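Only one chain is given next, in structure tokens, and it is the form predicted alone.
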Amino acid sequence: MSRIVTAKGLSKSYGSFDALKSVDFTVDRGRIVGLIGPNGAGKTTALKAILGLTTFQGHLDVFGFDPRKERHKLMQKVCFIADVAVLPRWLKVSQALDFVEGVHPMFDRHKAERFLGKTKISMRSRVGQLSKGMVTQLHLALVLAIDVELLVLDEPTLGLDILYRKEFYHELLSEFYDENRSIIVTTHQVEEVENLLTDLMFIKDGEFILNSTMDEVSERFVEVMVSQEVAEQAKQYNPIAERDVFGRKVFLFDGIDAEVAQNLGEIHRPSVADLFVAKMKGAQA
């Protein structure tokens, strides 16, 4: 498994505000990494550093390139979709394909046209005539038709209805992802991506409070539903979160012995959303 991103002591400040506080992380080939955090946590700053869109302190290596100095080489291997990505409203769909074909040597126009052929988007339509979901489909068609090794997604489905969101991730997996390509995605809709992820990173106030593979997360964290009679006993094992469900207690444990957990009650795998809330509250405490 080869490493495509290596960050050591990565820092970024805006005046007195520290957006990233000397963080270390890696991304390997063939992985889907979920970068999850609240607004202002440092997600977009980390992505901008990887893409060479901002200056930073520390070490950052992406495909062997320094994003600050070799962005033109880097962008031959990386594509980016953001929720704020815009296309001129006067631009026709066919003209968008013409432009990308003219500026990017790795663009496959036939692949883009094939993808758009599965949508309701007309090649003659102008961007201003398309719905937000269709504009996202157009962005996806342009990006997926470029032969790159890393796709960076910053809230790519923000504001889209559930049908467009489901279709977006389906096309992402079927048309782009394989063992030689990686994806980094930030999203607030974690329930929709948790089954896609191979790696999970939680960031808060510019620092990582979780950085693990999904396999490690499954082994490390467990939820146990217990009766009220067993609740006090369960608290002795220092749960990181608890909640009430239909008159019973659900405790979230980090690293509890499997046999102990089984003796306490019903064992469940916590959702990424529940784990995120627990870790955020724990970090705040």
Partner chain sequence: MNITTFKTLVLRETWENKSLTLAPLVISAVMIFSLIVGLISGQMFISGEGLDDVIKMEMPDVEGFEGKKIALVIQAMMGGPLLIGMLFVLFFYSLGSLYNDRQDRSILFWKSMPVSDLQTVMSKVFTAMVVAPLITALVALATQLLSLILFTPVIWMNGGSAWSILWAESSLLTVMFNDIAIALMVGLWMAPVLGWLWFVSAIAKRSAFLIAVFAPLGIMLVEGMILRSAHFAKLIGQHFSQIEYIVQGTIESGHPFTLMQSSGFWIGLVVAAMFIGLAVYIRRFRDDSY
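On a predicted model such as this, the values are computed, not experimentally measured, just so you know. Positions refer to the first chain, counted from 1.
There is another form of the same protein, the form predicted together with its partner chain; it is not shown, and what comes next is about it.
| message | in the predicted bound form, does Pro67 come within 4.5 Å of its partner chain, counting heavy atoms only? | response | Yes, Pro67 lies within 4.5 Å of its partner chain in the predicted bound form.
query = Given that the partner is absent here, does Asp83 sit within 4.5 Å of its partner chain in the predicted bound form, heavy atoms only?
reply = Yes - in the predicted bound form, heavy atoms of Asp83 and its partner chain come within 4.5 Å of each other.
Please tell me whether any heavy atom belonging to Asp154 falls inside 4.5 Å of a heavy atom of its partner chain, as the geometry stands in the predicted bound form.
Contact with its partner chain, yes.
_Just checking whether Arg165 would be counted as a contact of its partner chain in the predicted bound form - the rule being heavy atoms within 4.5 angstroms._
Residue-level check for Arg165: no, no contact with its partner chain.
- Query: Of 113-121, 165-173, 201-209, 137-145, which is the one stretch near its partner chain in the predicted bound form, taking non-hydrogen atoms within 4.5 angstroms as near?
  - Reply: Looking at the partner contacts, the answer comes out as 137-145.
Next item on the list: Please state whether all three residues Asn238, Ile267 and Lys281 have a non-hydrogen atom within 4.5 angstroms of its partner chain in the predicted bound form.
Entry: Contact check failed for every one of Asn238, Ile267 and Lys281.
For this session: Would you mind picking the one in Val190, Met214, Val100, Leu196 that has a heavy atom within 4.5 Å of its partner chain in the predicted bound form?
Result: Comparing distances to its partner chain in the predicted bound form, the residue within 4.5 Å is Val100.
* **Residues within stretch 169-207 having a non-hydrogen atom within 4.5 Å of its partner chain in the predicted bound form** => Residues within 4.5 Å: none.
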